[in-house]
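Coming up is one lone chain in structure tokens, specifically the form predicted on its own.
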């Protein structure tokens, strides 16, 4: 490989061998889901006597914590070099590895911005009954270094999509399952595939259309697939040839979405589910239209950051609804209708909150 930026490619190889060829300062955003060093020491069985398939792959095996630390230090140092001065990195992990990763990030000079807790609606149970059920994972968000460079963060857009409330650091998403889960020969293709909703929020929050998003641990290609859908460029890699093939097939089926440009500056009773979860879960898609419940026919366009626009206004479902109706307030959930694809019926968007949440 030469030192050209390998944009929109799934590269086959070890990240420690590929990353040194990525030009310095060429990447805007990195999401990394590294090996967790998570090895089961003995077999686990469910109550109905089916065996639990744990993470026992070669790529997740390390002989010691010091070997894992050295591996982590090397790929994080290369990622830091690849990042632009204004770039940021997100790293996800469990209690097995995230604290070691956080320490190494700080040792290398990264500046930690947030730790986000992904709380799982449907976590796997603790089958031995000897510990608490592990119902969350931690995601560290950090910028390249402690400098004055402005990094990308679409605060106002996130706030609008979150019912005009600040987006918090506790994120509720189900684990990857159903049709979203990539399979191979009828079985789960990757044991730790992440839900697209988590990546959609991360990429939308901390990058812009056209930015370069890199993932040094491709897996089934979730990061690249979401980046492509959101009109970002991507670079990703994996040492397992089978995963490279799966990711390439998955990416070939992805089409860039319309109306997903982030909005950093917006016109200025949180429900149980914010509207952004509806978009991130694919229940409504960017570019779709909503109709306002009013005598005058008012249509709104949905944007990828969960804002909507109608009659020259853009903001949350509540703010735009109020501006279009000429009222001080508006509960968007019970004033905007969408068209159900299956039945063709118009339904209040409030109905979507009971679909998956």
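All values derive from a computational prediction rather than experimental measurement. Numbering follows the first chain given and starts at 1. Rigid core here is just the name for the largest C-alpha set that superposes within 1.5 Å across the two forms.
The protein also exists as the form predicted together with the DNA; that form is not presented, and the subsequent description refers to it.
Asks: Only one of 330, 27, 290, 324 comes within 4.5 Å of the DNA in the model of the complex by heavy atoms, so just point that one out.
Replies: Looking at 330, 27, 290, 324 one by one, just 330 meets the 4.5 Å heavy-atom criterion.
Asks: Looking at 285, 117, 254, 112, which is the one with a non-hydrogen atom within 4.5 Å of the DNA in the model of the complex?
Replies: Flagged contact: 112.
Asks: Would you say all of 159, 165 and 353 touch the DNA in the model of the complex, counting a heavy atom within 4.5 Å as a touch?
Replies: Every residue of the spot touches the DNA in the model of the complex.
Asks: Which one of these stretches, 202-210, 148-156, 243-251, 69-77, sits within 4.5 Å of the DNA in the model of the complex when only heavy atoms are counted?
Replies: It is the stretch 148-156.
Asks: Report yes if any heavy atom of residue 319 sits within 4.5 Å of a heavy atom of the DNA in the model of the complex; otherwise report no.
Replies: Heavy-atom contact with the DNA at 4.5 Å: present for residue 319.
Asks: Hey, in the model of the complex, is residue 334 touching the DNA, heavy atoms inside 4.5 Å?
Replies: Residue 334: yes, in contact with the DNA in the model of the complex.
Asks: So in the model of the complex, does residue 169 come within 4.5 Å of the DNA, heavy atom to heavy atom?
Replies: No.
Asks: With a 4.5 Å heavy atom cut-off, would you call residue 106 a contact of the DNA in the model of the complex?
Replies: It does: once the DNA is placed as it appears in the model of the complex, residue 106 has a heavy atom within 4.5 Å of it.
Asks: Across 76-93, which residues bring a heavy atom to within 4.5 Å of the DNA in the model of the complex?
Replies: Nothing in the stretch sits within 4.5 Å of the partner.
Asks: State yes or no: after fitting on the rigid core, is the Cα displacement of residue 16 between the shown form and the other one at least 2 Å?
Replies: Residue 16 C-alpha, core-superposed: shift of less than 2 Å.
Asks: Once you line up the core, how about residue 330: does its CA shift reach 2 Å between the shown form and the other one?
Replies: It does shift by 2 Å or more.
Asks: Rigid core superposed, CA of residue 29 - does it shift 2 Å or more between the shown form and the other one?
Replies: Residue 29 C-alpha, core-superposed: shift of less than 2 Å.
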